[in-house]
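The chain below stands alone, shown as structure tokens; this is the form predicted on its own.
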Amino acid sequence: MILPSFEYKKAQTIDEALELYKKYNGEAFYLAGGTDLIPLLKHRLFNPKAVIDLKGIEELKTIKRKRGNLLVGPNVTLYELKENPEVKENLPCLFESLNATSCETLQMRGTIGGNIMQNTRCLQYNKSLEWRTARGFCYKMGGKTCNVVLNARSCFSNYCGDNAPALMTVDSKVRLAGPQGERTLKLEKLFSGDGKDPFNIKPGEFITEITIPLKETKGAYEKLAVRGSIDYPLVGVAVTVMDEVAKVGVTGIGPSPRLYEIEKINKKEIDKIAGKAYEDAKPVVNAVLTPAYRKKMVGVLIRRVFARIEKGGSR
């Protein structure tokens, strides 16, 4: 597939990137690692007038420790973050989610900001323009209804990021910069729950920093995928235990990752959360495995991750 025609601009500062966005009246996309955006452009799912490359902005590539937090630039690659000794030592759930994301070749290209901000996916959406034209455009593409759920005027596509649920379980925050200024959000507040527009971001905003509290934790990450780490998670479960409290992140089963909390870890509470996550999961026929199997695997993976942590997890 060939890329569509667009202007390529490379920003050297955050302010320059924002000015370029305003110059194109919002008809521009930001490029980080490109592992998600480039295939979407080739499929003609987006046709911007310009692509603004953020890789030249040095302050977006740093990892710093400050006041008990790890401050991570969004253009830090998944491999760089995975190899960071603070992550390896203190954040096993995040480490495993990074290690499970695609292969090392793509980890060296893909960025943590790009992985968080990846678009939702669906078998009826992530196709070529010719295929989608023949099938008829779905609700996410501007059609009248969903092509998976008959007559539904909403989008049931899945958010399939490995890293966001792991970051959510350790209380991470993101700082955003846009034409209207800066703001900081808890990571879970970044997601809208709407498959068509999956992020609570204002026009022109992009992540400038991810704040990760650095406390010693226990944790693990498990994903259901057809081809192991090469694939996006069809279900992913991240669990972090900190100060005897467990937080559980679930991904791949709806338009945004979900977050749960267990204040007292025991079999009864684990089963309760597994049951709650099972009930919340409402998959449809938009992935390569059946909805019933994916729904069942939510509880299975939650129990499996807690069993691993009890035995020592990845530590």
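Numbers for residues come from their place in the sequence shown, where the first is 1. Predicted, not measured: the structure shown is a model, and the values here were computed from it.
Keep in mind the form predicted together with a small molecule is missing from the figure; the text below concerns it.
Remark: Asn115 counts among the residues lining the small molecule in the model of the complex, judged by a heavy atom distance of 4.5 Å or less. In the model of the complex, the small molecule sits within 4.5 Å of a heavy atom of Leu106.
With a 4.5 Å cutoff on heavy atoms, Pro233 counts as touching the small molecule in the model of the complex.
In the model of the complex, the small molecule sits within 4.5 Å of a heavy atom belonging to Asp36. Checking 181-189, 161-169, 85-93, 238-246 against the small molecule in the model of the complex, the stretch whose residues place heavy atoms within 4.5 Å of it is 161-169. Within 4.5 Å of the small molecule in the model of the complex, a heavy atom is found for none of Leu224, Ile273 and Phe306. In summary, among the residues Ile212, Ile207, Leu81, Ala220, the only one with a non-hydrogen atom within 4.5 Å of the small molecule in the model of the complex is Ile207.
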